[in-house]
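Coming up is one lone chain in structure tokens, specifically the form predicted alone.
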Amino acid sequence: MTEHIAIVGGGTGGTVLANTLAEKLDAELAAGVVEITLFNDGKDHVYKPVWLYVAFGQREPADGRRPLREVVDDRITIRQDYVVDVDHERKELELVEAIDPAPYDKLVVATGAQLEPERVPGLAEGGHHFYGDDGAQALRDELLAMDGGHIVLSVVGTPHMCPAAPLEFTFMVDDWLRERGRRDAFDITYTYPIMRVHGNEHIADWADPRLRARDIAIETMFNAEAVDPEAETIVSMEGTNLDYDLLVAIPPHTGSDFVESAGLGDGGWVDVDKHTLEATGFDDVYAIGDAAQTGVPKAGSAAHYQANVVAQRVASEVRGQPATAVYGGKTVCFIETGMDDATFVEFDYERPPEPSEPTRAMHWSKLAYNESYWLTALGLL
């Protein structure tokens, strides 16, 4: 009897998982006793960190996009379709395009996060962002067209993809303007919805004095309530009103609707055991990456490490062996501190991040990783 492994989502987590399982279960796949299917709602695999560089004209959207079939092992079946619900009792996935449900014995949810700027009135019309091809290109064009004014970077929604990205953009836009001799014509303000500049207090303690040293104004406890695109103002729930000439927002994020319809968690985020990554209350269901409520950042590196853990656990279970692999919260992150410098952090559930002194070498290390990312997706790094 064939064991069906279903992976929903073809981002970093889902792709690394599929490729790693193809290697671990090579004999079982060849014998036809295991079948692995990757469900994705689009035909491409997207490397999202490229978008930050698109905003500064250093990359093009195509640099972060490849056909999913090119980065997924040939032993994996790819189905381009939307999964809308799960019948946990029958172990079947309900799809939009297909008439018949898809069976599974093991299910891994890797549906990531989506943007919902509409949750804040006026934000979609009055704000820019760099969390997509179109948004990053529009932001690039706006930056090039500006002669001066007030740039506001507002973290509107948390949690969000790549928690370091708002700080990176702020440091980079400051440096980008200085390189062009235009910094004196601009004011820059950074807002965050709690009483520090980042959700992680260690990152916040490191970043705060660096922002202030660059004459970047800080507004903490700023929870955006509404944006007036015509007046070019953003208002917080706390009553603070900021005028802007360019609003760069981190929009609210949400998980997949299918997660809620399947009863796996609220807001599109799957409740999991943070060590085993098993979905709470459901047998044979895992979640990884942005979709999993583990308490670690919604970062590609976390998805990568989680994918390796789940691959080991699923391979063991398929073979009737005890699953022993666990996730310790490992996350790594390069943080750009300008156009030519970066720092690096590595942390887990027990060890907090300790940012190193920014260097040009670390910046080039990040760029080198971006170039080699496709080897990561293939499961080779």
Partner chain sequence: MTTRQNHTEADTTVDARGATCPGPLMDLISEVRAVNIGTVIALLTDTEKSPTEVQEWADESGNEVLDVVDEGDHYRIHVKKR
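Residue numbers count along the first chain shown, from 1. The structure displayed is predicted, hence computed values, not measured ones.
Another form, the form predicted in complex with the partner chain, is not on view; read the next lines as being about it.
**Which of 83-91, 216-224, 174-182, 303-311 sits within 4.5 Å of the partner chain in the predicted complex, heavy atom basis** = In short, 216-224.
**Residue contact check: E201 to the partner chain in the predicted complex, 4.5 Å heavy atom** = Although the partner chain is absent here, E201 would touch it in the predicted complex, with heavy atoms inside 4.5 Å.
**Request:** May I ask you to check whether A98 falls inside a 4.5 Å heavy atom distance of the partner chain in the predicted complex?
**Result:** Close contact is absent here: in the predicted complex, A98 is far from the partner chain, nothing within 4.5 Å, heavy atoms only.
**Asked** Should P297 be counted as a contact of the partner chain in the predicted complex, where contact means heavy atoms within 4.5 Å?
**Response** Within the cut-off, so yes.
**Request:** Using the partner position in the predicted complex, report whether M195 sits within 4.5 Å of the partner chain, counting heavy atoms only.
**Result:** Yes, M195 is a contact residue.
**Prompt:** Exactly one of A207, A279, L247, V156 has a non-hydrogen atom within 4.5 Å of the partner chain in the predicted complex; which residue is it?
**Reply:** Selected residue: V156.
**Heavy atom within 4.5 Å of the partner chain in the predicted complex - residue from K274, R75, R140, H150** = By the 4.5 Å criterion, the partner-contacting residue is K274.
**Message:** Heavy atom within 4.5 Å of the partner chain in the predicted complex: which residues of 87-102 meet that condition, in order?
**Reply:** Contacting residues: none.
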